[in-house]
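A single chain, nothing else alongside it, follows as structure tokens in the form predicted alone.
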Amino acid sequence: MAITGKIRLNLQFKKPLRYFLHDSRKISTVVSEKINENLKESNNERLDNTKLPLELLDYRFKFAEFLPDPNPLHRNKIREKLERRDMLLRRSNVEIPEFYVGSILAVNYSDQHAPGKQNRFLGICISRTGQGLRASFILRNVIDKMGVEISYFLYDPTIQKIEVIRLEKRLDEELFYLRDAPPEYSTFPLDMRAKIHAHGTCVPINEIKVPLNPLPWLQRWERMNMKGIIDCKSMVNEKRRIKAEYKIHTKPWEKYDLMKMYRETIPIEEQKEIFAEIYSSLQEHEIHRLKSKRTRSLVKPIKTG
């Protein structure tokens, strides 16, 4: 069907077209100025976020699982942000206290095979690894003359409660050598009472040194240069002693390798940015924990008789 008629548009402008162009230029300049102001405000907020309390510098030790994997091949900013959000939601439901390798913990977790659908294990933390939702730790205890180790994911939904029985650090970042040590260094009573640690005080360092059992060992501890082991080189033969000396001093320049340190750590600016994102939520959880502890301590006993 053909259209035979003509359509005329009678547009009557009150101002010539040059006025509209001039107004649009004015609008564009106003918008650009507004955008620049917003950018300046966001930059100022970023600068203010970097000027956070000094305790934020200790967060890389207290909440090391919030830091991403330093390997750039395993980095994904969106996944890391979503994981941090899930971790904060988990912390709002279950209290995850501060602890380190060498601390004695008690973990209550749901177990469908237990009589009350709940189980409890107490032991010393011998390892803490992983980042994000993959963060895990291992507890060790000797029960009935048998060494028992259980590995937990820190944000496992089956965990109901994590209680710090004794908060302390050890001289080493891993305590796997307790497997080759006498059992009394890994034995803790299951009904051990918690030792109160004052809030805001420094975490004590346990400088105990552990002797090892006679050979054979699960690992060549003479090559590990562990600080928490009594000199074990005298327990091995001369051949292993020479190899241990060579193994320790093979790469003495690594302590000056700045690129290796950079690849194994997260830059301090990125750490501040990450902890500035979660600082308010962690503070709210800490205040809520202190309030609940205070209310529990002030509860009056009820007369039963």
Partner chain sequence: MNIYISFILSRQIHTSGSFNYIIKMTRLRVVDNSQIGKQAMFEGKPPKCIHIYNKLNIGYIGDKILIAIKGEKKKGILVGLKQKQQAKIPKYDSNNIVLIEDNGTPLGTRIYVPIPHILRTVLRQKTYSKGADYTKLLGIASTFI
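Every value quoted in this text rests on a predicted model; they were computed, and no experiment measured them. Numbering follows the first chain given and starts at 1.
Here the subject shifts to the form predicted in complex with the partner chain, a form of this protein not shown in this document.
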Partner contact for residue 146 in the model of the complex: the partner chain, 4.5 angstroms, heavy atom = yes
4.5 angstroms heavy atom contact with the partner chain in the model of the complex for residue 72 | no
Answer for residue 193 alone: is it within 4.5 Å of the partner chain in the model of the complex, judged on heavy atom distances?
-> no
Report whether the minimum heavy atom distance between residue 115 and the partner chain in the model of the complex is within 4.5 Å.
-> yes
83, 240 and 271 each touching the partner chain in the model of the complex (heavy atom, 4.5 Å) | no
None of 197, 128, 140, 170 but one has a heavy atom within 4.5 Å of the partner chain in the model of the complex; the exception is 140
Note: exactly one of 206, 158, 225, 187 sits with a heavy atom within 4.5 Å of the partner chain in the model of the complex, namely 158
Heavy atoms within 4.5 Å of the partner chain in the model of the complex: which of the stretches 97 to 105, 215 to 223, 197 to 205, 230 to 238 has them?
-> 215 to 223
Could you list the residues in 86 to 110 that come within 4.5 Å of the partner chain in the model of the complex, counting only heavy atoms and keeping sequence order?
-> 109
